[in-house]
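There is one chain below, alone, in structure tokens, taken in the form predicted alone.
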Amino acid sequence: MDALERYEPIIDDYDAFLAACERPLPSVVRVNGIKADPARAVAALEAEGVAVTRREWNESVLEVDTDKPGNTWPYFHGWIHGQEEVSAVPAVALDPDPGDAVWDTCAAPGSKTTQLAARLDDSGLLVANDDNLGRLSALRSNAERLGATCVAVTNGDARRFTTDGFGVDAFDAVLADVPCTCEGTVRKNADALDDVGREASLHIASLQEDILRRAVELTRDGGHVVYSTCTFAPEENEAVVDAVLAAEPVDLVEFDVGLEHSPGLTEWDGETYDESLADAKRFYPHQNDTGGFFCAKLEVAR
């Protein structure tokens, strides 16, 4: 956990933070609204002897007392999907309307894609792109099992993506859940902190900024872009959003998801960021017994 020491000045109750990082994650699933409602999924799980604890902030998020929810009947039939609780935040923040045209820039293996499809009522257009061809099979498999028929899967570099061939000039909403150093996954990945640190974060930040800028460029005036990572590093979070705020016609806007969080940073390591970044959200493992996450919502204003 030495790699996390640099965050001690910005985390309230750092000891509780470290203790949470050393515990395994609770087993959590998301109810797939395309095929079932929460009451039906809970009844099916309990019929198999799986105890369920509902999450107050989102009725579709359930804690289950099995480490293998993928072996249950509701999973087999696409009623539920294993998804880390805090990773359900970006799709809730983006909150697209049914019928919208949505782009998921880095979509594989598809947890957030299929969550977006459910929020779209499986209508409109959901372009799920990933540059990793090997991960697209999992994305396709998940979309098929969960009945997400509005999804178009593509394999390309998000930095050079276009709307060509989709019948739209711009997207209504875009999720930029970008590649990152994944520090916030330490509760499920024992080696998550092996290669992290300031230099690693600075190295990947230029890719993250390029993807976010392309996301903004392909979003219509008044549309929304959500930027998210599963890392604590300000170099990959506030610094990236700050650079895009300065270069593109976007504003950072508030959103509410009902989970405990800390505000985004407006200064770090001698750097200052746009004051609006206080409306971004940092989710630390000890606050909601989850992994770590960062999420910011932008509105395009051309």
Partner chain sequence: MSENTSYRFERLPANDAEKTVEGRPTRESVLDYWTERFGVPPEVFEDYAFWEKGAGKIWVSPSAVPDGLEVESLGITFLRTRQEHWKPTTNAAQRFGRHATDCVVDLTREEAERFVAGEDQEIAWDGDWGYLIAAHELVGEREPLGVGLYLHGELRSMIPKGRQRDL
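Numbering follows the first chain given and starts at 1. Just so it is clear, the model here is predicted, and its values are computed rather than measured.
One more form of this protein exists, namely the form predicted together with the partner chain; it is left out here, but the text below deals with it.
Q: Judged by heavy atoms and a 4.5 Å cut-off, are Lys35, Val151 and Gly167 together in contact with the partner chain in the model of the complex?
A: Yes.
Q: Heavy atom within 4.5 Å of the partner chain in the model of the complex: which of Arg213, Arg119, Arg187, Arg145?
A: Residue within 4.5 Å of the partner: Arg145.
Q: Only one of His77, Arg135, Arg198, Arg220 comes within 4.5 Å of the partner chain in the model of the complex by heavy atoms, so just point that one out.
A: The residue in contact is His77.
Q: Can you pick the stretch from 264 to 272, 39 to 47, 58 to 66, 23 to 31 whose heavy atoms fall within 4.5 Å of the partner chain in the model of the complex?
A: In the other structure, the partner sits against 39 to 47.
Q: Look up in the model of the complex whether Val92 has a non-hydrogen atom within 4.5 angstroms of the partner chain, and give yes or no.
A: Flag for Val92 set to no.
Q: Residue-level contact is defined here as any heavy atom of the residue lying within 4.5 Å of the partner chain in the model of the complex; does Arg159 satisfy this criterion?
A: Answer no; every heavy atom of Arg159 is more than 4.5 Å from the partner chain in the model of the complex.
Q: Look up in the model of the complex whether Gly70 has a non-hydrogen atom within 4.5 angstroms of the partner chain, and give yes or no.
A: Heavy-atom contact with the partner chain at 4.5 Å: present for Gly70.
Q: Would His203 show up as a contact with the partner chain in the model of the complex if we use heavy atoms at 4.5 Å?
A: No.
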